[in-house]
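A single chain, nothing else alongside it, follows as structure tokens in the form predicted on its own.
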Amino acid sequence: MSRTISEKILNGDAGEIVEREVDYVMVNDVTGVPAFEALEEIGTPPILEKIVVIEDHYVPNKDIASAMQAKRLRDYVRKYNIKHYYPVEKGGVCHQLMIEEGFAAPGRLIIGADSHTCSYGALGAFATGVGSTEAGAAMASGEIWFRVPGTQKITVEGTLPKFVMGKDIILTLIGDIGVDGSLYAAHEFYGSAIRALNLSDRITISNMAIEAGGKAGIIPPDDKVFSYLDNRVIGSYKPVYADEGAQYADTFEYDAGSLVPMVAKPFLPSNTSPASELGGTAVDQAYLGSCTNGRIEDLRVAAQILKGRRVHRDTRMIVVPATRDVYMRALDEGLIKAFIEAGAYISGQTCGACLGGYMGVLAEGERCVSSTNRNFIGRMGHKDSEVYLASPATVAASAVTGHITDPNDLD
């Protein structure tokens, strides 16, 4: 029987319950402690080579509570001598690190105690978020059970217009199908526009599969992926592709040339409109960063738009490179200097304000245009603040004008 990528990696048909060995289990500073507590309750020694621990949500620690949480996590790391451990000085946002450090690769089965683990599907992996208890159990057994998801096929053909990025593709899809349009379904993305995307934009698309309710967001791996993994990937891997004649639960087709810079308005990622229709929406803050759009390619796009311009006097711009490597590359390329000269603030690598943690939390009544992935009530701060999701290009253009702006409309 012909199968989709998810069905082949999980070795089962849609709807079937399977138990499979995982390649890696990732936990972070928020989810790691309860995962290790679950592991200790089981009482079985962990399978060390499968465990990855990354501090990212509250780094550097913002208060006593987060400091105590990080200390407890470090205690577990030392107790079990966890090899794959990334503390504040080594790391960055967990999902970008999992890719940079070679854990994510085609054909692999990866779980993480964070919902945006689906990011690794951009490299052809089946990757999905789980709860801390499930992560702890998988640390002990090396396995986890799944109901094999059905798959939705999304095809984008043609050439993307100027300033239309991966973020705009996924926001368009979520706007069309809703935040429940892919409940427990996997995405597979195809078409000439997807193949033309750089890896960064592909990661953005896979990252937000969860915002449509998806279990995974997978892009078939190609030479761009293989080249990226050269001298980076840990171990060997085997690419997996859908069979000819594979059965899909739904299909969606888009003409790339008709896509435009999009914005998701409060309070759902599906509440989308073209950026050009929101020109009267003033913003107090423009936020560039996160596992969704904190990569070097994102910073390059924003810096180019800011070149020769200044952040609006009534708007603050915060730039957060996703990892130490991204930060160092931005330094080497002069991007950090460009942001500072334009009037932006640069943070070290952290999840920061994406989850309303710190480094850009919003006050009552404030409005932020953000390259992050969620805009729920109170997501980045006060319950009466507002978050508008957009691409790095749109975030940068909006920072310049002080209101939500299609980057094509800049003078």
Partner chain sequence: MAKFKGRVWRFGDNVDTDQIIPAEYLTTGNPAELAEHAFAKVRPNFPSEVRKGDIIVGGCNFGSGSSREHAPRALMGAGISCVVAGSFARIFYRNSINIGLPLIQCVVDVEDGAVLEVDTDNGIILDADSGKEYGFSPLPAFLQELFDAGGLVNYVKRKMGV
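Keep in mind that this is a model prediction, so the values were computed, not measured. Residue numbers count along the first chain shown, from 1.
This protein has a second form, the form predicted in complex with its partner chain, left out of what is shown; the following refers to that one.
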**Request:** Could you tell me which of 227 to 235, 258 to 266, 114 to 122, 154 to 162 sits within 4.5 Å of its partner chain in the predicted complex, going by non-hydrogen atoms?
**Result:** 114 to 122
**Complete:** Students should find that, of D250, E253, E143, E341, the residue having a non-hydrogen atom no more than 4.5 angstroms from its partner chain in the predicted complex is E143
**Request:** Taking 4.5 Å between heavy atoms as the contact cutoff, choose which of I210, L171, I110, L306 touches its partner chain in the predicted complex.
**Result:** I210
**Message:** Although the partner isn't part of this model, could you tell me whether L48 comes within 4.5 Å of its partner chain in the predicted complex, counting any heavy atom of the residue?
**Reply:** no
**Prompt:** Within a 4.5 Å heavy atom cut-off, is V179 in contact with its partner chain in the predicted complex?
**Reply:** yes
**in the predicted complex, T128 touching its partner chain (heavy atom, 4.5 Å)** = yes
**Message:** Check S347 for me: does it contact its partner chain in the predicted complex (non-hydrogen atoms, 4.5 angstroms)?
**Reply:** no
